[in-house]
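Shown here is one chain on its own, the form predicted on its own, set out as structure tokens.
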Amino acid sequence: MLEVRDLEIRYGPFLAVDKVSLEVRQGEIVGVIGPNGAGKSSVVRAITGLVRPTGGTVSFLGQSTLDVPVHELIRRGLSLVPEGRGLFPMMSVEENLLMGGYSLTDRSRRDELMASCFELFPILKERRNQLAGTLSGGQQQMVAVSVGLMGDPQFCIFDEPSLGLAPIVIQQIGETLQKMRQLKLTVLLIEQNAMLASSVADRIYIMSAGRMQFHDTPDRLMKNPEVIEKFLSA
């Protein structure tokens, strides 16, 4: 469904991503984990057209995403739940969700999607008229996920959804990601939290210093002495 091959990204003379390749097949949850500064978010920006790579290819549903406007990628079924949530804090929960569904021309489908989001997160239905900026961090993350789902995507990218959240909320985020399977969504999860990623992903890539270092199932990676020593011992 998504294929990245030999991706290279430079910011001026600085090489941020070096020959990175990854693949996400339909129906999978695939994690990309690694420390801060590993290049994970740069890969996301290249996939979603926010930064132009200096080399390599990115294809979604068999078509290149390079030089494709963001709104066209959304129309094709790609959605991003960004790092930091990206909400409009002075707008209500419902207004934020409507912004997520702005590209939908079918009003009945938009209403169906909103009802689905409220079923997924009942607390948001109770607080649909509350300003998003006044919600707790966990509730704001629920809104961010819902905004991403309002575009009626086939494929969702979650960029650091656990960042800055308490452990109990991170557990809720993991439960939310598992619900993506019920919605028949394919997911690329970008995370620093290895435990969260390993609890939900079918396969995991480990990035460090701009390169892919390991790729395997969570069970095998968690038993790999080199992975434990380099990435899980801290």
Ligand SMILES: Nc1ncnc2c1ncn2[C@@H]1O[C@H](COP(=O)(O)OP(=O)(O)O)[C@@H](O)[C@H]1O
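Note that this is a predicted model, so its numbers are computed, not measured. Position 1 is the first residue in the sequence shown; the rest follow in order.
What follows is about the form predicted together with the named molecule, which we do not show.
Visitor: Can any non-hydrogen atom of residue 152 be found within 4.5 angstroms of the named molecule in the predicted bound form?
Guide: Residue 152 lies outside the contact set for the named molecule.
Visitor: Would residue 48 count as touching the named molecule in the predicted bound form under a 4.5 Å heavy atom rule?
Guide: Outside the cut-off, so no.
Visitor: Does the named molecule get within 4.5 angstroms of any non-hydrogen atom of residue 39 in the predicted bound form?
Guide: Judged by the heavy-atom cut-off of 4.5 Å, residue 39 is in contact with the named molecule in the predicted bound form.
Visitor: Can you tell me whether residue 94 touches the named molecule? I mean in the predicted bound form, with a 4.5 angstroms heavy atom cut-off.
Guide: Residue 94 lies outside the contact set for the named molecule.
Visitor: Quick one: which of 63-71, 169-177, 198-206, 28-36 gets within 4.5 Å of the named molecule in the predicted bound form, going by heavy atoms?
Guide: Selected stretch: 28-36.
Visitor: Of 24, 20, 16, 221, which one comes within 4.5 Å of the named molecule in the predicted bound form, counting heavy atoms only?
Guide: Only one option qualifies, and that one is 16.
Visitor: Does any residue in 70-89 get within 4.5 Å of the named molecule in the predicted bound form, counting heavy atoms only, and if so which ones?
Guide: Going through 70-89 in order - heavy atoms within 4.5 Å of the named molecule in the predicted bound form - there is one hit, 83.
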